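Coming up is one lone chain in structure tokens, specifically the form predicted alone.
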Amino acid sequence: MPRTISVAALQTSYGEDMQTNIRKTEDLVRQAASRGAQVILPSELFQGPYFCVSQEEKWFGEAYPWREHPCVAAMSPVAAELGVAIPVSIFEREGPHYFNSLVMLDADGRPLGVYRKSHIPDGPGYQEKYYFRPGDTGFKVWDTRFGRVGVGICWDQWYPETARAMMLMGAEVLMYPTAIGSEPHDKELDTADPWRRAMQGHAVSNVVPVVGANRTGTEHATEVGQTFYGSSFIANQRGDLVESLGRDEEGVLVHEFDLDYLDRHRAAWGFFRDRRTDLYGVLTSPRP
């Protein structure tokens, strides 16, 4: 029998009440599981509104140690009940340090560990450096019940190095929880298409399925409002969008992949055979 994996992306809007957001996410997880999904991806920081549009110290009160974070505590029994794996994006506190993190829950509800977002943006509408330290875990690939899943967080998804690193660590699927939308400094700038294309490129150059889960709707939790453009998707190893949602829809995407076929197909393309690591020193050298 071929090894297969069924993946899902969730897309919805979120408000200020964490428990309401958790219940909404749980409902979508249940919908995805009822359609056969095995690894189910909610969007970034679904615990509340995307607060990084401005700098307000009150939001530091919404961070928790990862093992006892309310989202982790709530999703763990759901994962165990449904027999699904869930990458849970959280605002993490470790002592005096704060991170944009992800806890991978396996299908028995057990946390496999934590990943801390490596690339932290800093600009109008995405002032994450005020809140988060750069991640100190390195990239992670999780050996779930259903396959090896690599997960980056939002800004990580723009970097080909993130995708390639996770592939070299043995990832069979790449996932990216996201919170991205309008640019307050430029009302004409719309990054929805480039956002998708960047990750579709990772799918092509690594011969791997990619799942992107974004939030949707307009949030006014801070003085600077922000509208998220949804457009969540699942791309196959060719970069084709095999499942997708529009900007304003709330819902669930599910798709199944044959991991044995992908493994053979990846070998046949030769991208990993033909790598020239002897030439790649410039990637890690200080700027000339």
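Note that residue numbering follows the sequence shown and begins at 1. Everything numeric here is computed off the predicted structure, so don't read it as measured data.
Beyond what is shown, the protein has a form predicted in complex with another copy of the chain; the following relates to that form.
S.K.: Of the residues D240, D27, D260, E256, which one places a heavy atom within 4.5 Å of another copy of the chain in the model of the complex?
M.R.: Looking at D240, D27, D260, E256 one by one, just D240 meets the 4.5 Å heavy-atom criterion.
S.K.: Taking 4.5 Å between heavy atoms as the contact cutoff, choose which of A165, V78, A107, L112 touches another copy of the chain in the model of the complex.
M.R.: It is A165.
S.K.: Quick check for you: of 112-120, 141-149, 70-78, 209-217, which stretch puts a non-hydrogen atom within 4.5 Å of another copy of the chain in the model of the complex?
M.R.: Stretch with heavy atoms near the partner: 112-120.
S.K.: Are any of the heavy atoms in F91 no more than 4.5 Å from a heavy atom of another copy of the chain in the model of the complex?
M.R.: Because no heavy atom of F91 falls inside 4.5 Å of another copy of the chain in the model of the complex, the answer is no.
S.K.: Please tell me whether any heavy atom belonging to V282 falls inside 4.5 Å of a heavy atom of another copy of the chain, as the geometry stands in the model of the complex.
M.R.: Close contact exists here: in the model of the complex, V282 approaches another copy of the chain to within 4.5 Å, heavy atoms only.
S.K.: At the 4.5 Å heavy atom threshold, is Q200 in contact with another copy of the chain in the model of the complex?
M.R.: Yes, Q200 is a contact residue.
S.K.: Would you check, heavy atoms only and a 4.5 Å threshold, whether F132 touches another copy of the chain in the model of the complex?
M.R.: Although another copy of the chain is absent here, F132 would stay clear of it in the model of the complex, with no heavy atoms inside 4.5 Å.
S.K.: Does another copy of the chain come within 4.5 Å of a heavy atom in each of K58, Y64 and E223 in the model of the complex?
M.R.: No, the candidate spot makes no contact with another copy of the chain.
S.K.: Quick one: name the residues from 146-161 with any non-hydrogen atom within 4.5 angstroms of another copy of the chain in the model of the complex.
M.R.: The stretch 146-161, when checked against another copy of the chain in the model of the complex, contributes W155, W158, Y159, P160, E161 at the 4.5 Å heavy-atom cut-off.
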